[in-house]
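In structure tokens, the next block holds one chain alone, the form predicted alone.
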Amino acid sequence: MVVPSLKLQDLIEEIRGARTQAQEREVIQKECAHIRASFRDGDPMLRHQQLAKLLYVHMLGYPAHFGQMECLKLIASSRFTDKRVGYLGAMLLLDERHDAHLLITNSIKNDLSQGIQPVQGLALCTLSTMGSAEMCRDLATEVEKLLLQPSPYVRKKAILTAVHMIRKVPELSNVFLPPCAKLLHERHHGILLGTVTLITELCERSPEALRHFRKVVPQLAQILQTLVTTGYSTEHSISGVNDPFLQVQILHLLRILGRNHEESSETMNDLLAQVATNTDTSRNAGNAVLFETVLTIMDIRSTAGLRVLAVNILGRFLHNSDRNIRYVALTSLLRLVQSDHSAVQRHRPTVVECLQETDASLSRRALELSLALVNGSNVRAMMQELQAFLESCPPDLRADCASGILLAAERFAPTKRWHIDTILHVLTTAGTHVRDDAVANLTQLIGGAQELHAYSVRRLYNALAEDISQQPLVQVAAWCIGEYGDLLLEGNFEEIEPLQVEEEEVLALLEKVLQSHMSLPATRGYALTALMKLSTRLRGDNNRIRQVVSIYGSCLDMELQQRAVEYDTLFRKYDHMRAAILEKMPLVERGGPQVDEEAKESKEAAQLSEVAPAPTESQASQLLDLLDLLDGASGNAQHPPLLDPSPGGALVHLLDLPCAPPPPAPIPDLKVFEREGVQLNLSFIRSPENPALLLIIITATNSSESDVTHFICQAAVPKSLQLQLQAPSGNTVPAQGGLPITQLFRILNPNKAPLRLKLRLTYNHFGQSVQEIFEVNNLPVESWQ
């Protein structure tokens, strides 16, 4: 006999009335035992009530797996009350990890074909929630039939189920292409929204669908124009905007259809201008539509005036009182600063004002955008704003701000003196937060500016006398005093108030640095070397310097001790050579951007001229089997043998030079990818000894203001060719034209088949993860013939 159990409402009251966790567990365990017994021996007509209680227990986080089979029994029942609870239980208790979910496929198929709308709705909701790839393949035709049913209720749910199927099985795209064009003629906004979402999924996953739906761009534009021009509707309007959800989804689809397509972009240009000018911005609904409009304008081939309008909309967003909207505007402007620099520059004062935001995320984005807006014409004004921000910015932003100022000053400095003053200000304000190379860069800058040696040493001496806690500043000051201490003592400084400095004051200051508990071992090394160099620069007695050097000969720090012992030996045994050894360093010439570019080009030319090394056996065993990206998966495909370049065949005897074949003509380079400053170029080399072997050098460069990290390049070729990828030179491409990443591809094409290359790029840029998959079909004919 089954023990009576609680009703669902009574169970909820008793659980909520439990005062402790132990009491709650006791109630649930007792009721679960009743539910098990009821499933086993109870009345089948009341099974749905027991399962409803079990689902509530599951929602509280307690195990309810023993109810899975009961869900299947209820779904197979002919009663609607049983089906309703059964389908709900299937959505909550079943997923792809349980094989039991496949057992309801036939029940769903039968319910979809019954013609009872509530039952069809339950089956479609369950399929769209937990349908696996196998279920989607089996039931795709049933869902397709329901897309054109007369009932809007069923059609809307069928469309959402089709979206789930496309996400699970992209190969089903061809099944749902024909009904979508008919569904666009619907007037029901819910069906239209689902249809646009379905078309978006199809276009993102199928190039064929993308080409197909570019024909409906005028129809989509007409729907959007109707939404924009139609007045207030009580059924669809939100905050005075007519169905903003549908408008945003249509704009998203138009962005996908107009990307890299001139004709589609021209069709929607006027419409986008109308949306941008007629949308109300007083509420968030209008702001959402405007932001999606801006993204669409920037992603398609829009006119210059339209792009300026989009940037101005983002500029208005910066004045919005909502912090989220301001953050979105700053992030979007940061993405556009490379392509529309002049338009973004108009909003520079507003961006600078955002530096004072109390929200850390806003001030960080404003800092990144401010640094990106620095150029040669505004560098002085922008540096004043950024230096003022550096003095008051939060500690977690100081490192980024200091590094950005140093990079911008190095790139756009109008004069060397201004450059030195800027770096000194950064070191004085936030010396502990600068990059590791700041000390080396400043010493190199001062060393190369002979006319500023006296000015620099005086400025650094004054700064060191005021504060010895900023270690990078102390290191640069110690180096500069050691090199140009004689100029400091002369006191001849232009544009600086003359102040006589005594030798004892200089030595005392360096000894203070050596004895300070704040000085790092590296800083003490700088100070000790400066004292040693001053022994040849000062006119007085060197006994004080010798005493200090001899004291540090017994220092616990090994590096400092070794340096002191060597200097002491120089005093005692090689004093006649001390002046020559410690003479001033020669002037260091800093290469400008043009010199750096020439050095970069010569380095690339040297890399191209080198013969690629033969792959070892371990490298050959690590060939990436990405070939089925182009030709489909086939486990029995015959691959050509591994590359086996012969070292002997690569050598040309000197006596055979007159008879050697002429070298092949150079193959032009090819640019295959460019996005937000990230560029990918291909260089080609064909060996005359093995014409079937093609060497491709991939070069990734970055001209943007943000580093590219976690860069990975993968490739695939048809199965008639063989591809070998060698390890890249790194995974980070520094900003502003830093050292590029290079990677070597070796392709064996014995049959001289037309070369196709599919590339997949993944990297992080501007704090976002980027993945691009594209095919290169325009490779030079010389690369494979």
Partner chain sequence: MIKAILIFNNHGKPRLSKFYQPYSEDTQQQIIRETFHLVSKRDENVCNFLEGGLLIGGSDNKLIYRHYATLYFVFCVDSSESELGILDLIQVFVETLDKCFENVCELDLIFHVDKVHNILAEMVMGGMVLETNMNEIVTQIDAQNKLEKSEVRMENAIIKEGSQHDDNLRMICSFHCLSFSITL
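Numbering follows the first chain given and starts at 1. Small disclaimer: the values here were computed from a predicted structure and weren't measured.
One more form of this protein exists, namely the form predicted in complex with its partner chain; it is left out here, but the text below deals with it.
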| item | value |
| --- | --- |
| Candidate stretches 244 to 252, 542 to 550, 506 to 514, 709 to 717 - the one whose heavy atoms come within 4.5 Å of its partner chain in the predicted complex | 244 to 252 |
| 4.5 Å heavy atom contact with its partner chain in the predicted complex for all of 412, 538 and 578 | no |
| Contact flag, residue 24 vs its partner chain in the predicted complex, heavy atom cut 4.5 Å | yes |
| Non-hydrogen atom contact residue 777 with its partner chain in the predicted complex at 4.5 angstroms | no |
| Non-hydrogen atom contact residue 436 with its partner chain in the predicted complex at 4.5 angstroms | no |
| is_contact(residue 190, its partner chain) in the predicted complex, heavy atom dist at most 4.5 Å | yes |
| Candidate from 489, 216, 210, 328 lying within 4.5 Å of its partner chain in the predicted complex - any heavy atom | 328 |
| Heavy atom within 4.5 Å of its partner chain in the predicted complex - the one residue of 142, 111, 292, 483 that qualifies | 292 |
| Neighbours of its partner chain in the predicted complex among 48 to 66 [non-hydrogen atom within 4.5 angstroms] | 56, 58, 59, 60, 61 |
